[in-house]
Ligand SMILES: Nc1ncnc2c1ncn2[C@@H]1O[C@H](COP(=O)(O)OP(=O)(O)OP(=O)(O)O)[C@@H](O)[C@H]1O
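Here's a solo chain for you in structure tokens, the form predicted on its own.
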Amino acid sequence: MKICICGKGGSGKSTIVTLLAADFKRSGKDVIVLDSDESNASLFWMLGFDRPPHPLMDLVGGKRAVQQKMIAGFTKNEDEPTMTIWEMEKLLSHEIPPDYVVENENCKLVMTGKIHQSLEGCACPMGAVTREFLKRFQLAPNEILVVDMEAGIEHFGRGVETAVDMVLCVVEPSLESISLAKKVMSLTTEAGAFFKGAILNKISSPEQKDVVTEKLGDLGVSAIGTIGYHSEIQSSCLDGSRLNAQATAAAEVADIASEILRHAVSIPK
């Protein structure tokens, strides 16, 4: 199963990806995490790695080469979501070149690429590489892939979600985040993908949970679980250290992970 985690910047997408990856591992799954957020550089240390992998962008020739392929596609009047960037037809986890993956404890991390300097140009090539990787990556029976998407909704225009089995949106207690969840749900449905629901994050009280859940419900968005505001998670993010969920957070994410896996067999294909 391929799962896409969306949300506004700062909502805690990387935190949720890390917590889900840890719980899937505890369930006996082999986890592959795709870091597709071109601006956030924290995911590798949150997962416990001492370095990030080389970017997949380099594996396909670099950003300029991808741009040239995209320009050639536009010249042929091709829409971006239908363009072919990768030459390979399929890719398995054990076939990823060693420099482009880091691994520990049944978890592998791969990364699309990052923006490193000013005037670098748009992130469109990175979205194209993410889409092509997801289309061509084939999971082994015990594997699960979790994608940390870029913030916002621009990736929907590139057709990234058409290559995954499930889309979830992380929602923090803000009206902006709640409104974005509605947009994510609509765009997912328009793309023909499956929207599972919202994961509430950084919730400070039962009353706040009720308010956020009600506002989401008014927009037709269902909440599938809640992660509270936990000081140890905030401390890990501040220190730049591996994110280790304590008992309460681990129990919260376990319920969400179980809900995801419970519905995996009924996901529309």
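In case it trips you up, residue 1 is the first one in the sequence shown, and so on. Just so we're clear, the structure is a prediction, and the values are computed from it rather than from any experiment.
Heads up, the form predicted together with the ligand isn't pictured, but that's what we're talking about next.
Contact between residue 205 and the ligand in the predicted bound form is not found at the 4.5 Å heavy atom cutoff. Contact annotation: residue 54 falls outside 4.5 Å of the ligand in the predicted bound form, judged by heavy atom distances. Heavy atoms of residue 213 never reach within 4.5 Å of the ligand in the predicted bound form, leaving it off the interface. Using a 4.5 angstroms threshold between heavy atoms, residue 237 counts as touching the ligand in the predicted bound form.
Only one segment in the set 57 to 65, 23 to 31, 221 to 229, 205 to 213 has residues whose heavy atoms sit within 4.5 Å of the ligand in the predicted bound form; it is 221 to 229. Remark: all three candidate residues (10, 13 and 40) come within 4.5 Å of the ligand in the predicted bound form, counting heavy atoms only.
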